[in-house]
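Take a look at this single chain, the form predicted alone, given in structure tokens.
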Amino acid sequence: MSMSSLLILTLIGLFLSVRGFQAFQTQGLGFITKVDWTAGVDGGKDSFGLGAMIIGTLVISAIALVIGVPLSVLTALFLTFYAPERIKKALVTLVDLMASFPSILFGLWGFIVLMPMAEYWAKLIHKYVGWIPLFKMPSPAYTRSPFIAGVVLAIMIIPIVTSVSREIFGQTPLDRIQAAYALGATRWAMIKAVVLPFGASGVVGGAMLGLGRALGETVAVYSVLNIVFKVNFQVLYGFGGNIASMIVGKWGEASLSESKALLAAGFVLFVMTLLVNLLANFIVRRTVKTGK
């Protein structure tokens, strides 16, 4: 099974790299660093640059981690140390079920239900901490912003990070827990002194697994974000983009040269996601194996 998965991943990587090789060859390093994407018209010169989309991908994913990881850790702690047994199984099943939801459901939910609420949250953030450059607004355009996309991705990664964190917290050595209680520690003091230090690296690994999903998310982001080829660090302002949603938005009308550039963009995203997931798996496996 593992060999077949490795073979499939290798074939996908080879396909994307071979089909996108022309874009790397013609654009050079600028394919990664440039921030404009212009397909040549009537014999004009193509100019394909992923810089803005790479930055947008990282910004949106960072928002998802900032929101999702703390909620995931708190959820995992509640399920491991606080939840009564009669409801623990139901909650664990619900969290695992959320991890299997297709992204289109999250996208529709984000567009129909979450977006109006998130716009209100964005206005409150701008009102009270708008002096921070990250939350400045050139104009009152809060709809379909990186912040809203990040919130949707945060909801999507919570089940993954929660499951990994819960597994790591559940392997905390019982003798350490009992020793903390014997010294008079409360449950929360025990968690701070024993559980969190023990599971810290596992939480990092789980967060990186969540980051791997956030990096490659397509439909959910495309549903709640205005795709604009411009670097945007003002997360409340209504434009941005990520690589995956950009590919979806442009593929239907792409010329031959642009389709090759989009495949090259897919290869860049493939490499980014693969590296993040490999590192996350290494951290989680090492944590479980060594108990540190």
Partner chain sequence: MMSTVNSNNEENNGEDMSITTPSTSSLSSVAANHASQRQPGNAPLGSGLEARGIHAWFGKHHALENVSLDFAAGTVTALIGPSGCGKSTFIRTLNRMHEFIPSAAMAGEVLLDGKDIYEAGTDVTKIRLQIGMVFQKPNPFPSMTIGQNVLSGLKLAQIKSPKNNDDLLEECLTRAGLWTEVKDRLDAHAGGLSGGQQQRLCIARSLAVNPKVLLMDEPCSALDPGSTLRIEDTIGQLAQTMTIIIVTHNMQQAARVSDYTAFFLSDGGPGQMIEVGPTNEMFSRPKDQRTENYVSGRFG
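Remember, it's a predicted structure, so these values are computed and weren't measured experimentally. Residue numbers count along the first chain shown, from 1.
Form predicted together with its partner chain: not shown, discussed below.
*Determine whether any heavy atom of Ala90 comes within 4.5 Å of a heavy atom of its partner chain in the predicted bound form, and answer yes or no.*
Heavy-atom contact with its partner chain at 4.5 Å: absent for Ala90.
*Spell out, yes or no, whether the shortest heavy atom distance between Lys136 and its partner chain in the predicted bound form is within 4.5 Å.*
Result no; Lys136 lies far from its partner chain in the predicted bound form.
*Gln178 within 4.5 Å of its partner chain in the predicted bound form, heavy atoms*: Gln178 belongs to the contact set for its partner chain.
_Even though the partner isn't displayed, in the predicted bound form is Gly184 close enough to its partner chain, meaning a heavy atom within 4.5 Å?_
Contact check for Gly184: yes, within 4.5 Å of its partner chain in the predicted bound form.
_Answer option from Ala141, Ala189, Ala200, Val129, heavy atom within 4.5 Å of its partner chain in the predicted bound form_ = Exactly one listed residue reaches within 4.5 Å, namely Ala189.
*Could you spot which one of Met208, Val194, Ala122, Met115 gets a heavy atom to within 4.5 Å of its partner chain in the predicted bound form?*
Answer to the contact question: Val194.
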